[in-house]
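One chain comes next, on its own, written as structure tokens: the form predicted alone.
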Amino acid sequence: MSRSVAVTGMGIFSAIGKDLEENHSSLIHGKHGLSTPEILETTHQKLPIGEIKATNIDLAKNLNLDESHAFTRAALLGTIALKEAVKNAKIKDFTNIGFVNGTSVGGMDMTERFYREYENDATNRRFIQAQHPGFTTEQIASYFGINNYVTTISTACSSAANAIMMGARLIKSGRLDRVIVGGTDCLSRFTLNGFNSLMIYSEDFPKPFDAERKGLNLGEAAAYLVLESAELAENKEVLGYVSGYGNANDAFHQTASSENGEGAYLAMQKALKTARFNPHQIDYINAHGTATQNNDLSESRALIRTFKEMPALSSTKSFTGHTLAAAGGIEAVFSLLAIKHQQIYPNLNFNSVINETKLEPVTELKSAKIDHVLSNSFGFGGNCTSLIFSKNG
């Protein structure tokens, strides 16, 4: 398990941009992508969401799909992001490539739209299978002809981060030399209603790590990394390395983190151990930072337990909203952009520290020497994952 894992390509589609260039521009100019719903059909017209302003018809045209296609919105977003990633990595042959995809919503947006019609209308029965997250993965894989190794991870908000971890392990163990990893999730009525019913949804823009935070905003996105063994990537431009990873379960509550952030703490400890790093070597933390009362206090306590001297930290969910299964993917891209451009992206909407922990995130774009970034993704059911990305292998 000693092989280095290089990142040779990445692609992203989110509410702040349709590609890497647009996302980076939004990050450096403090331009968030939160607005009221226009594409999603919902009664909650005043709740802010990180919505991609393109219909499924628009997205399908972008991919030259005919009208009879069965691509879910998550699959459409994922395919577009993956196209950029493989182009970035200059990959044209998909024969011996693996694909590990994280998704939680899957095709739920289609099944919730058509389930009342299935009995009497055969037209949309092609979407019945879409309820299963693996259906979305298979659609993306089929578009590129990937069939060597294809699997789905669905661990809620840590899905894409776990996909990246699994891809890195597949390369380190020698099972594969090249793997596409990441995740995709779209907005749906089910998730919007669900998070609203949990009373953790904010009617205002999110304020991660702020004393007056009122909850999260949901978003939709897709992002992928192309991982290759260092040997295979020897003559390629390398964007960074997956140097550490760790997963742990909080084992506390179905939808809440423990007060002392035990799962988050253990995940970060495992990531540091895998990378063979001391905490002081981390230059920047892309925090999970959902802006809920529970997560931000719990994560803050876990960070304080891990770091004697706190590195610069921020939550980019203030730009994109919480994109659920895709969060670990888009924040992996943001972490690698931070390394590439030697920049720390701001934590928007922050005004005052949480009294119990006093952590103060970076609130303006900042230039800094960044060799190692820690990225946190914590999911319902206590599934906590931390990744470390490094400038050099």
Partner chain sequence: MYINGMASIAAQTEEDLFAGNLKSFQQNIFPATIVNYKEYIKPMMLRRMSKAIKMGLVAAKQALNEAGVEVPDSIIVGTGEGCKQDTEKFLENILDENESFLTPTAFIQSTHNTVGGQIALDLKCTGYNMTYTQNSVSFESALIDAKLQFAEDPDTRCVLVGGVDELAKTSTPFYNLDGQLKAGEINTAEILQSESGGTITSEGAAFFLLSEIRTQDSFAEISDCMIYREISEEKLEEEISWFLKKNDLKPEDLDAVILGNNGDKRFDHYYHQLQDTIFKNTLQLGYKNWVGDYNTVTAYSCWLGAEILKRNEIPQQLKLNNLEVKQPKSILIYNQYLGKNHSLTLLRSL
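This one's a predicted model, so the numbers in the text were calculated from it and none came from an experiment. Residue numbers count along the first chain shown, from 1.
Same protein, other form: the form predicted in complex with its partner chain, not shown, and the subject of what follows.
Enquirer: Given that the partner is absent here, state which listed stretch (294 to 302, 233 to 241, 219 to 227, 173 to 181) has heavy atoms within 4.5 Å of its partner chain in the predicted complex.
Expert: Every other range fails; the passing one is 173 to 181.
Enquirer: Should the three residues 35, 86 and 277 be counted as contacting its partner chain in the predicted complex, with contact defined as a heavy atom within 4.5 Å for each?
Expert: The answer is no: none of the three residues contacts the partner (heavy atom, 4.5 Å cut-off).
Enquirer: At 4.5 Å between heavy atoms, is residue 108 in contact with its partner chain in the predicted complex?
Expert: The answer is yes: residue 108 has a heavy atom within 4.5 Å of its partner chain.
Enquirer: Taking its partner chain as it sits in the predicted complex, is residue 69 near enough to touch it, meaning that at least one heavy atom pair lies within 4.5 angstroms?
Expert: Flag for residue 69 set to no.
Enquirer: In the predicted complex, does residue 41 come within 4.5 Å of its partner chain, counting heavy atoms only?
Expert: Judged by the heavy-atom cut-off of 4.5 Å, residue 41 is in contact with its partner chain in the predicted complex.
Enquirer: Are any of the heavy atoms in residue 197 no more than 4.5 Å from a heavy atom of its partner chain in the predicted complex?
Expert: Within the cut-off, so yes.
Enquirer: Just to be sure I understand the contacts: of 187, 76, 165, 268, which is the one whose heavy atoms reach within 4.5 angstroms of its partner chain in the predicted complex?
Expert: Result of the distance check: 165.
Enquirer: Check each of 80, 313, 156, 97 and return the one that places a heavy atom within 4.5 angstroms of its partner chain in the predicted complex.
Expert: Residue within 4.5 Å of the partner: 156.
Enquirer: Residue by residue through 132 to 158, which ones have a non-hydrogen atom no more than 4.5 angstroms from its partner chain in the predicted complex?
Expert: Stretch hits, in order: 132, 133, 134, 137, 138, 141, 142, 146, 147, 148, 149, 150, 151, 152, 153, 154, 155, 156.
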